[in-house]
Ligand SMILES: Cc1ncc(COP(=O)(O)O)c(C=O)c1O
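Below you'll find only one chain, the form predicted on its own, shown as structure tokens.
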Amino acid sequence: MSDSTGEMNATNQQTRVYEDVFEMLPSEENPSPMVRINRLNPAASFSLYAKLEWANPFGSVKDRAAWQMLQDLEGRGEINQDRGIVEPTSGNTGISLAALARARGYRLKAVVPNKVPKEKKLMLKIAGAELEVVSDELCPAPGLGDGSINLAKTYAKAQGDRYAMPNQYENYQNVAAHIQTTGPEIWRQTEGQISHLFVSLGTCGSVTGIAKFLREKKPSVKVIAIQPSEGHDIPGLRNLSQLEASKLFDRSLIDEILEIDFELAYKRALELCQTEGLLAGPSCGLILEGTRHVVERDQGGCGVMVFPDNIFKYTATMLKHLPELEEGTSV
């Protein structure tokens, strides 16, 4: 309803009317949705759900960390219209940060690995980021170095009057975002019945934050991390050998780390699209494959898979790994 001036009343989560995009960001009162996995669940006695992080306003789980880090920078007076942000990114954090920052009136320089899919680079530009694309051997990309992180740090140090760097790989606000939002959402959505949490590894903000919250509520919750095999090309994901850049990884919070052949990430993503109606990205496919092994073994429980983003930014990569998809696409 409108007041006498014609303006809408305060946000109502039931009517989903918001005063600005920031009110759309996820929280316990406004959670990202969870949907039950049916046809791809190998054990009927195991309740399995996917938490769809692509329903967040900028399309990924990284909306949470980006907003938390941005608010922290604002609160400490680190950014303004003259002093913007620089951040190394494989795509999703940069997209979220760029959109949020531009909506607040700040600029963002994203230091991006060349190996990142073109769709993500275009999305970064569309969201308002200034791109600095660096060659693969300098990037925090799968199997490679961490030069783009160091390059972003160089900008923040040498041009400190122009840039502040949130640094998602070391910033505890990345973890805090999931302690404050994702964890409480999952606890409330499962009514405390969750027995298994399934996540991937990247900056490790998600796994550390969600695990910290759930373990305080229910110490018996099993935390399962799914990592891709060596030589993978799944942007944003890392295996144990690539976690040196992250200061947020806490092995003590994880019960198991399963390694999955990265080629299966693309096949399972396609199955999610064509069997469950979930247009899930390859990281989701990887998580599903690892989850299926645990479900088949444990049989009973209530599991939640955190699905980071959808398929739309990975169409070229899907075609690379599943060339049969091209059949019938040309006149």
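Don't overthink the numbering: it's just position in the shown sequence, from 1. Computed from a predicted structure; not experimentally measured.
One more form of this protein, predicted in complex with the ligand, exists but is not displayed; see below.
Partner contact region in the predicted complex: 228 to 236, out of 179 to 187, 157 to 165, 97 to 105, 228 to 236, criterion any non-hydrogen atom within 4.5 Å of the ligand. Among Val223, Leu124, Leu201, Ile260, the residue placing a heavy atom within 4.5 Å of the ligand in the predicted complex is Leu201. In the predicted complex, the ligand sits within 4.5 Å of a heavy atom belonging to Ser283. At a distance threshold of 4.5 angstroms between non-hydrogen atoms, Lys51 is out of contact with the ligand in the predicted complex. The shortest heavy atom separation between Arg64 and the ligand in the predicted complex exceeds 4.5 Å. Looking at Pro88, you'd find every heavy atom of it more than 4.5 angstroms from the ligand in the predicted complex.
If you take 301 to 325 and check each residue for a heavy atom within 4.5 Å of the ligand in the predicted complex, you get Pro308, Asp309, Tyr314, in sequence order.
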